[in-house]
Structures are given as structure tokens and as C-alpha cells.
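One chain comes next, on its own, written as C-alpha cells: the form predicted on its own.
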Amino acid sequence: MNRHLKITEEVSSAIAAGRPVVALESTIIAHGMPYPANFEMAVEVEAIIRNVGAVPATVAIVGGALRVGLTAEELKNFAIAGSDIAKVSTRDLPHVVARKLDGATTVASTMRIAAMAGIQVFATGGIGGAHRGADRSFDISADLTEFAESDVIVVTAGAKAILDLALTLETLETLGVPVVGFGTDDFPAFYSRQSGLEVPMRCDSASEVANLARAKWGMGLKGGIVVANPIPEANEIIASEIAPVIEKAVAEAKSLGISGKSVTPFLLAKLAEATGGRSLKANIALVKNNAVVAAEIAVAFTKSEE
């Protein structure tokens, strides 16, 4: 056992017994939404996972410890502190742990910690990817390279719509990462069900995803799997409507010199403002939807191969 890991008794017992567990990130709480919507979302998502029959394990760094599972009080503390808590990717883990700091884990670092703990399934909102202009700036999220390292199934509503989705898919292909459309042939674009980009493979049930993961890891093929699960139709903001709003927000970020880790929180806040809160509601809806699918996959993965 990694001495830096601190797993709750509930999660530890579930892992040891081979029961289904779903990891959750903490950056979406601290940096992805305003309070109290972020806290309400975090509590509801954990409840959704329990209702499907799995154990939720929100991942964060508390006092330098890699925490797998948080109490309701700790969730609330992260929600209230918000951006005052460091946003921690895989690269940042040694620094934050060595200095015994608190940190909100991104998709990449959550994947790494989940893999350390022996958790195979992770639910998030949207993964990071190649930023617009990455062919010149090389601004590509560590989320993508982590998929080549950590054996974790990640359920996501595609990549964040503020990114270059075509380049994101090309990068995942280069890294040998399976991108699975869950009930769709079109790669979802976070707020929108379709991006116009085709996924290379499709699964229509949780058991199909579980079997794909067993086949991949059973062959010794290292790395994760992207399960691209479209936002529910009732909560969708169609691409033609959200695209110009995103373009304006991206231009504003560029003019203000905002870059690196600060880009995504800035753009998400601008989108929420420009859409009168619709983008925030869509974000919450897609996270809940991903939690359901992730829990179903976790349950299917613990069963014998079908």
C-alpha cells in the first residue's frame, strides 16, 4: 500500500471485497462551479452512485495525504474554499504532498490516485484535451497523457467544448487510448450531444464497456478508456448556440493574457454568465448522468465476464 494514500474504511472495505467503487474528482468542486451549487452537486452525485449500487470515492489531497473518500464536512470545506485550494495535476502531486498542502485533483491526478488505490472506474464532467492553437502552443492537458498511464475507465461527456476536439481525438489515438461512444457514434461536446466528429468505437451497455476493459487489460495493454457519454437531451445546449459564446470567451481570455490552469475556470465562469446560468445547469446534469453510467459500469465490472 502506498504510504501517502489515506482511504476511508468504507472505500477500503469495498475495494478489498471486490465491490463496485466509483472515483470522483475534486477540481470540479473547488474550481468548476460556484458555491453552494458545487456542494449540492457533490452530495447528489455521491447519492446517485450509492443508489445504483456502488460506493463513491471522492479524491482530493488533504494536508498532503492522498485522500480517497471524503466526509460531507470535507466536501463542504472544498466547496466553500473554491479556487483558494490549489488545482493539482499529476505533475504537482510531489510538491503538494511534500509540503503537506491541500489540493483539488484534476482528471489526470484523480486517475493516477484511483489507480494507486485499485479503483477501475471514474466519473467526471468533461476531460481536458488539446487547447485551440495547441499545434503552435503545445497546450495539451495532462489528462490525455494520463490515459496512457493509468488503467481507469473514465466516463465523461466528451472533452470540454472550449477545446480543439478534433486535435484532442487525434492525440488520444496517438496515445493508443480507446474512445468509446456510449450509445452514440458521434463524439459528444460537453454541453452538446454531437460535435460532428465520429468516435472510433461504440458500446451500448455497461456490460459491453466492462468487457472491453477486461479485454484491454487482459492483453496487458496499459492505460485508460474514455467512455464518451452524451449529456441528456433535455439539458443540451446545441453546438450552434454555444459555439459563438465559447468563441467570445476564448477571445477575451486571450486578450487578458489568461493561460495554463486559469483558462478553464475563467471560460466556464464566462459561459455561465453569458448563458444566464444554463451552462451551469447543463454541467450539473451531465455530471449526474455520467455518475449513473459510471456506477453501472463499476457494477458490471465486478461481475463475471458476459
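All values reported here derive from a predicted model rather than from experimental measurement. So that there is no doubt, residue numbering starts at 1 and follows the sequence shown.
A second form of this protein, the form predicted together with pseudouridine-5'-monophosphate, is not displayed here; the remarks below concern that form.
Using a 4.5 angstroms threshold between heavy atoms, residue 160 counts as touching pseudouridine-5'-monophosphate in the predicted complex. Contact annotation: residue 78 falls outside 4.5 Å of pseudouridine-5'-monophosphate in the predicted complex, judged by heavy atom distances. pseudouridine-5'-monophosphate in the predicted complex is approached by residue 143, whose closest heavy atom lies within 4.5 angstroms of it. At the 4.5 Å threshold, heavy atoms of residue 87 reach pseudouridine-5'-monophosphate in the predicted complex. Site annotation in the predicted complex: the residue of 209, 114, 155, 107 reaching within 4.5 Å of pseudouridine-5'-monophosphate with a heavy atom is 107. Here the chain stands by itself, but in the predicted complex one stretch of 272-280, 27-35, 234-242, 59-67, 27-35, has heavy atoms within 4.5 Å of pseudouridine-5'-monophosphate. Residue 190 is the only one in 190-218 with at least one heavy atom within 4.5 Å of pseudouridine-5'-monophosphate in the predicted complex.
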